[in-house]
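The chain that follows stands alone, in the form predicted alone, written as C-alpha cells.
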C-alpha cells in the first residue's frame, strides 16, 4: 500500500479526533517508557495495571453494554487463574498453553453462570452472580490437596524470562484485547447488546433471541476475564482464594464506573488511573484509603458519567446532522460538512462545545 495513502487514512481515522490522538500518545509513551525508566517496581505495577485493565474491560462488556450487572465477576478471573496454575504445575504445560486453556474454562463457567441467570434481572441477578465465587471458594477449601486451600498453589512458571518482557507481553495484550472488545461493541453484535440493555422486551419483540445473546455476552466476558486471570497467576506465580474474593469482584466495578461505563476504553482508563495510584500511595498507608475514596467521590460528583466521557465532552463535539464526532476547534463537520455551533433557532444562545454538539438555549 502507498505510504502516503496509508498515512492519510491513519490521519483521517485517528489524528482527526483529540480523544483518539490522546490514546495514541498514551500508547506510545507506554511503549517507550522502559527505554528511559526500567525500575522493577514500576514495571511490576504497570504490568499488573495492564492485566487488571483487561479484567475491567471484560466486566464492562457484560455489565456496561448488555446491562447484566455482575457482582461476582471474580468467578471468571479465579477459575482461569486456578486452571492455568494447575495445568502448569501438574501437567508441565507452558503459559502459552495454560492461559488460553484457563480462558476456555472461564467460557464454560460463563455458561454455568449465564444459564441459571437468564431470567433474573436487577438486584436479583447481581446477588445470584455474587454467590458463584463464594461457592467456588468453598470448593477450593474442600479440595485443599489439589488447590492448596488457604495458601493456594505457588511456584508457577513465569510469564516471561524478564520483568521487561512481562511488561511488553501485558502491554501488547491489553492493547490488542481492548481493541477487539471495542470492535465487538461497535459491530452488529454490539448493537444487539445495546438493545437488550435499553429494553429487553422490545428487543425480544423485534425478533432478537435475547437469551442467546446474553449467553454470548457471558461467554465473551468470561473469555477476556479468563485471559487476565491466567496472566495474573503466571505473573504473580501464585493462584489463591484472593482471586475469588468479593474485593476482586468489586474492583472492576469501581474502575469502570470511575473511567466511564459502556465504552471499554473508559474501563481501561479508570484502571490506569486508580490501580497505580493505590500502589504508589503505599508510601502513606494511613492516607491511602482516604485519598482513594475522596478521588472517587469527587469524580462521581463532578463527572457523573465517568472520567473519559467528561474529557471527550470537552475536546470533541457531535455533529447535529450526522452525529459524528469532531474536534471542538472545527466549525464544520468533517463528514457531512454541516456547520457546527450554529444556533438552531432565532434567539438561541451560543454554541457550547462538549455538550454533544447541542445548542444551548
Partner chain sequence: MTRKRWAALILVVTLLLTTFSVTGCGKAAAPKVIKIAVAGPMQFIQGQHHWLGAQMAAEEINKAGGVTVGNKKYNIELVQVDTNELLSVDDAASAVEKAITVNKVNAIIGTIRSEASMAIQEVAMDNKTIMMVCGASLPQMAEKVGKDYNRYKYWFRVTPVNATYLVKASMLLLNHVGGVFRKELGIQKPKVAAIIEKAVAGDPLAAAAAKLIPTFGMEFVGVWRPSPTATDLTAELTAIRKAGAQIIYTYFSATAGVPYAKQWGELQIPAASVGINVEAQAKGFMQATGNKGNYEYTLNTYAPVQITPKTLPFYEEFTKRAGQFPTYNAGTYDAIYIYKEAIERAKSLDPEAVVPELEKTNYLSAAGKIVFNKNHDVTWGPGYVTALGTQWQDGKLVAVWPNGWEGITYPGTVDYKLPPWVVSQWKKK
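Residue numbers count along the first chain shown, from 1. It should be emphasised that the depicted structure is a prediction, and the values quoted were computed from it without experimental measurement.
This protein has a second form, the form predicted together with the partner chain, left out of what is shown; the following refers to that one.
- The stretch in contact with the partner chain in the predicted complex, judged by heavy atoms within 4.5 Å, is 38-46, chosen from 53-61, 319-327, 38-46, 332-340.
- Of the residues given (275, 167, 265, 223), 275 alone sits with a heavy atom within 4.5 Å of the partner chain in the predicted complex.
- With the partner omitted from this view, the residue of 96, 179, 205, 151 that lies near the partner chain in the predicted complex is 151 [heavy atom within 4.5 Å].
- For the three marked residues, 67, 214 and 302, no heavy atom of any sits within 4.5 Å of the partner chain in the predicted complex.
- Contact check for residue 188: every heavy atom lies farther than 4.5 Å from the partner chain in the predicted complex.
- With a 4.5 Å cutoff on heavy atoms, residue 232 counts as touching the partner chain in the predicted complex.
- Not displayed here, the partner chain is approached by residue 241 to within 4.5 Å at the level of heavy atoms in the predicted complex.
- Among heavy atoms of residue 92, none comes within 4.5 Å of the partner chain in the predicted complex.
- Along 268-296, these residues reach a heavy atom to within 4.5 Å of the partner chain in the predicted complex: 275, 279, 282, 285, 286, 288.
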